[in-house]
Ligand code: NAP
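Shown below, as structure tokens, is a lone chain in the form predicted alone; questions about how it binds or moves come after it.
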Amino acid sequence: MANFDPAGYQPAQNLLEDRVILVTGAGSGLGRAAARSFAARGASVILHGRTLSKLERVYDEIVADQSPEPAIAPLNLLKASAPDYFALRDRIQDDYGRLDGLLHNAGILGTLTPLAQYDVNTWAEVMHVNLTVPFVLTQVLLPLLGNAADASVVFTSSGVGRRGRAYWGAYAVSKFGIEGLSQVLADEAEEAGRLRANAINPGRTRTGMRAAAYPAEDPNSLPAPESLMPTYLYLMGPDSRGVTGETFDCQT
């Protein structure tokens, strides 16, 4: 686990100027906060999500912030097939010619239940969205990431992806896989030196997924997604150049 002090990090206002960054799951929660934060520091953000209306709302917020105009790329990750991924790649190639950053934020919780009772179809869906999709999307976009002088891929992990916890089932296992995927990509890309890959653990945060997992918890007792952005900015910007294969905690 990397040693990084989010409270002491002061990102420059133009940290991400002229960078092109794709954010999956950008319609709400951490994805929305990251997209707005990246755009506020100069990035052209590609907003991915399943629900067009949510993406349009984030689009409007970014424009109202007077940040660079984002792009919208709706895609249902449960139903997407190879042509959908390649169409996204081709669109980014045509519009930008490269990809400087990729934040894998999209994910689903599944159910919290003992393994003995876990529905197999639900297990497959969680593993697909949380682990297979980040692999496939990264693979498809590697040529565009390779066109960038300083590219960063950030995967979203979890505390239950480091130490298994009862009843977290497919979600926990998928996050163990994400930690491994991030490390494998980092090791493979290290020699080239132009692509870094790291994983980020947001921790307890005021999101819809957290509310689904802990319905009795007071959401006001949790940090807002916006408060976690220093770590996201650090990993996506040039200040983390040379840092790869690590896992970061947003909260200590």
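Note that the structure is a prediction, hence the values are computed from the model and not measured. Each residue number is its position in the shown sequence, starting from 1.
Absent from the display: the form predicted together with this ligand. The rest refers to it.
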query: Contact residue in the model of the complex, chosen from Q139, T113, Q93, N76 - any heavy atom within 4.5 Å of this ligand; finding: N76
query: 4.5 Å heavy atom contact, G42 and this ligand in the model of the complex; finding: no
query: 4.5 Å heavy atom contact, V129 and this ligand in the model of the complex; finding: yes
query: L195: touches this ligand in the model of the complex, heavy atom cutoff 4.5 angstroms; finding: no
query: is_contact(R36, this ligand) in the model of the complex, heavy atom dist at most 4.5 Å; finding: no
query: Interface stretch in the model of the complex with this ligand - options 94-102, 113-121, 145-153, 167-175, non-hydrogen atom within 4.5 Å; finding: 167-175
query: Partner contacts for 98-121, taking this ligand in the model of the complex and a 4.5 Å heavy atom cut-off; finding: N105, A106, G107, I108
